[in-house]
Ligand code: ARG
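Only one chain comes next, encoded as structure tokens, the form predicted alone.
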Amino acid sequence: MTGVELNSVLKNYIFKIALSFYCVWCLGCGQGSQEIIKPKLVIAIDATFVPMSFLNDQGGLDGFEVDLIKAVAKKAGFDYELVNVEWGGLFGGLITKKFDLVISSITILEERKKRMAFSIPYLQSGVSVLVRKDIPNVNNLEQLAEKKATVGAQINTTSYYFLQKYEGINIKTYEKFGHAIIDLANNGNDGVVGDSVQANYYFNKNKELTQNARFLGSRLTSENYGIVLGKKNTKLKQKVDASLKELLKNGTVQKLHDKWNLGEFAVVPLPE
């Protein structure tokens, strides 16, 4: 091999080594960028879940979860924008990174953990059933199923999936839980299954419903609600968890529970 050929081989070898180091460095930078917390976070919420999140008389976002996420952001030092998004667009927007956080009474489920991350729980709630008083000898969903009853639920919620266990029940779906409640008050269905917080709110606010309907036992399931984040956003999760833990410990979450009268079926958990 001549001197010229040797120099060419060495240059080629050095170039390949340098290129390898550059690729590794770029890969490392790419992984790190996934955990950069943005200067201003976009937080999505479905404001149709009274008293958890809703639009007040002035058209502003209000409710337990609105107050809670503001307290979390303040404790963590986040600048944020809170946007109202329909339920069907929450998870897709999070996965496509349109939103950084989602809070909307979302149950922490193992199936959901495959696609997204959750904070520590901030509330334990579950499924409750309201049924018409004029339906006799009914004390559980099994007996409603035997009567081939029509029971309403908001579509694509844990309450809706819970109802599917009972083959005899005719499930009537609604875009919003409030629509199911109105239908119950007007005898459009035999009962409604929904989150205990919402069921408690509408039951206490609607005199006609209080007169004509009753709770079927107590809370039927136990579900933990968490704030939802991107699967790989571990730094943001750590900050959110730390803020939530402090708010649970110092009684802030319980005070918000009392302020919004979430009812006896909804319980503030102990901080993990």
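The shown structure was predicted, so the numbers you read here are calculated from the model rather than taken from an experiment. Each residue number is its position in the shown sequence, starting from 1.
Although not depicted, the form predicted in complex with this ligand is the subject of the following passage.
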property: Selected contact from 104, 119, 189, 200, since only one has a non-hydrogen atom within 4.5 angstroms of this ligand in the model of the complex; result: 104
property: Selected contact from 87, 80, 174, 162, since only one has a non-hydrogen atom within 4.5 angstroms of this ligand in the model of the complex; result: 87
property: Non-hydrogen atom within 4.5 Å of this ligand in the model of the complex for each of 154, 158 and 225; result: yes
property: 4.5 Å heavy atom contact, residue 64 and this ligand in the model of the complex; result: no
property: Partner proximity in the model of the complex: residue 54 to this ligand, non-hydrogen atom cutoff 4.5 Å; result: no
property: Partner contact for residue 75 in the model of the complex: this ligand, 4.5 angstroms, heavy atom; result: no
property: 4.5 Å heavy atom contact, residue 112 to this ligand in the model of the complex; result: yes
property: Residue stretch of 41 to 49, 66 to 74, 239 to 247, 205 to 213 approaching this ligand in the model of the complex, non-hydrogen atom distance within 4.5 Å; result: 41 to 49
